[in-house]
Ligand SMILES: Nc1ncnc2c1ncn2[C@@H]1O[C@H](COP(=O)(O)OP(=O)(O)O)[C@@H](O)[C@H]1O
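A single chain comes next, written as C-alpha cells; it is the form predicted alone.
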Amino acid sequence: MAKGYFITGTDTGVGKTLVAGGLAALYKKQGINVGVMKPVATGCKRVNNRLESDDAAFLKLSAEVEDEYELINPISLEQPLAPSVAARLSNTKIDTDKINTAFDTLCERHESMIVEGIGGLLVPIDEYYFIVDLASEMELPLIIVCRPTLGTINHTLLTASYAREHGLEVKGIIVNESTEHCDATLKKTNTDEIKRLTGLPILGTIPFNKGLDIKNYNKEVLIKIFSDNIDKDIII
C-alpha cells in the first residue's frame, strides 16, 4: 500500500486541486519525496499539439517534480464533461491500464503520493467504472474536501457514507472557503455538524485568499496558508 492520500471532493469546484497542491508543497518543504497525480482530467487545453490540464500543471509545480506529464495526467480529455461522456463524444476509449501503470511507476519513484480525483466519488470514468473504484484500487487513505456553504452537510455526509460503504479509509475532511464572502455562523455550524455527524476529524479549514489561484502559482502564499491551517499530523 502506497503512502499518501487520494483527494476527493463533495462536488466539482470545491478546491480539490488547491488542497492536493498545498499538501504536496508541504510534503516537499518537509523534505519528503512526494509525487503527484491527476489520473483523469477533462476540459483540457491543447498545448504544442498535446492536451494539458491546468490542475495537473499546478500539482507538478507544487510538488516540484520532474516526472513526465503523461505520468502525472495519463488521461486528458478536451470537453469539460464527465470523463465517460467526454470520451464517448470524442470517440475515445479510456485506458484504465494506462492509469494503473502510471501510478505504479510514480510509486516506485516517490516515497509518498498525492492523487487528485475528478469531481466526486461517483463521477464515471468509464461506462461502469467510477472514481470510487479508482480510489479503492490505489489503496490510499481518502481526504474529503468540502465547502463551508449551505448544502455542504448533505453533500459531505453522502460522500463520507459512500466511501465507507465501499471500504475506503477516510482520513478526514478539509473545509475550503472557495468563495470570498462566507457567513461566519454558517461556516462554523456546518463544520461542527459535519464533524459530529460523520465522526471524522476536520483536518483543516483553508481561508479564501486571492493569492491561492491555480492559474497564478505562488509558492510562498500556498505554503504559508497550508502551514497555518492544516493539521500537522496529516504529513505521513
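Since this is a predicted model, take the numbers as computed values, not measurements. Residue positions are given as counts along the sequence shown, with the first one as 1.
There is another form of this protein, the form predicted in complex with the ligand, and it is not shown here; the text below is about that form.
Novice: If the cut-off is 4.5 angstroms on heavy atoms, which of these, I206, A57, C44, L203, is the one near the ligand in the model of the complex?
Specialist: The residue in contact is I206.
Novice: Would S178 show up as a contact with the ligand in the model of the complex if we use heavy atoms at 4.5 Å?
Specialist: Because a heavy atom of S178 falls inside 4.5 Å of the ligand in the model of the complex, the answer is yes.
Novice: With the partner left out of view, is T12 within 4.5 angstroms of the ligand in the model of the complex by any non-hydrogen atom?
Specialist: Although the ligand is absent here, T12 would touch it in the model of the complex, with heavy atoms inside 4.5 Å.
Novice: Tell me, yes or no, whether L222 is in contact with the ligand in the model of the complex, where a contact means a heavy atom of each within 4.5 Å.
Specialist: The answer is no: L222 has no heavy atom within 4.5 Å of the ligand.
Novice: Does D228 reach the ligand in the model of the complex, with heavy atoms at most 4.5 Å apart?
Specialist: Contact check for D228: no, nothing within 4.5 Å of the ligand in the model of the complex.
Novice: Could you pull out the residues of 110-132 that have any heavy atom within 4.5 Å of the ligand in the model of the complex?
Specialist: Heavy-atom contacts within 4.5 Å come from E116 alone.
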